[in-house]
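For reference, the chain that follows is the form predicted alone, supplied as structure tokens.
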């Protein structure tokens, strides 16, 4: 089977967008001193195999993309995807140890953006991003199902905590509460438990009917368009309902 064609033009456009002083400085001043290595749990978990050193990961991904000016093969992109998605969580621990302040996580995120543009992000992340774009949440839960789940949890909690309400679209509430879509689909009891805490604390709160999913898996995929869309849904809900603060579930 022939390898998919690499969209070199798209890679070059992305590299041109990223070619600021920050990236250039980071790539040039890295002394490969290895101070970052012992902070990386991939490096430690693989018996300090040099290929898991943060500096090496950047060398084999973003640095190679710049040096080759985007003229890379599909095989090379697949190897970069293994590194960017499989060998780094972009936790930024290594950045805290770098004596030059090089932020490896930002560079790996840039690589993910390039890979995502070539369709090389993990399928699970791509699917979640697609769902968020189309439905406003990563699990593709409809507004009707979300409202019904909240009502169900309100009824289930009535005996344990009389008077408890799970408000949706309450304009002027003090707080907007947003959560992980997996809670709605797989762990609805988490909604009831959070509502009990908010009720016991006397919090004036509400769920939005759209923009209630605070997860942003598109960020991990490297899909900037959906990442911004996901964040904007929550922001728009806060503006629409005129709340003063946002509380997230995790």
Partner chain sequence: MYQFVTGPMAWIAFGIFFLGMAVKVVSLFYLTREKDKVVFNHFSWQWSLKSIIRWLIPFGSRSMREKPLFTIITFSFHICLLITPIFLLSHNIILEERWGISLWTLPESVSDILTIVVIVTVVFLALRRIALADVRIVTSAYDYLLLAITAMPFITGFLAYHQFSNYKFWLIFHILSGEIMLIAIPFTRLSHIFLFFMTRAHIGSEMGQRRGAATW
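Residue numbers count along the first chain shown, from 1. Note that the structure is predicted; figures quoted are calculated from it, not measured.
The same protein also exists as the form predicted in complex with the partner chain; that form is not shown, yet it is the one meant from here on.
Using a 4.5 angstroms threshold between heavy atoms, residue 17 counts as touching the partner chain in the predicted complex. Contact check for residue 93: a heavy atom falls within 4.5 Å of the partner chain in the predicted complex. The partner chain is not drawn, but in the predicted complex it has a heavy atom within 4.5 Å of residue 59. Although the partner is absent from this view, residue 22 contacts the partner chain in the predicted complex, with a non-hydrogen atom inside 4.5 angstroms.
Residues with any non-hydrogen atom within 4.5 angstroms of the partner chain in the predicted complex fall in just one of 206-214, 179-187, 219-227, 36-44: 36-44. Shown without its partner, this chain lists 119, 172, 101, 86 as candidates; in the predicted complex, only 101 has a non-hydrogen atom within 4.5 angstroms of the partner chain.
Residues 50, 51, 53, 55, 56, 59 are the ones in 45-61 with at least one heavy atom within 4.5 Å of the partner chain in the predicted complex, listed in sequence order.
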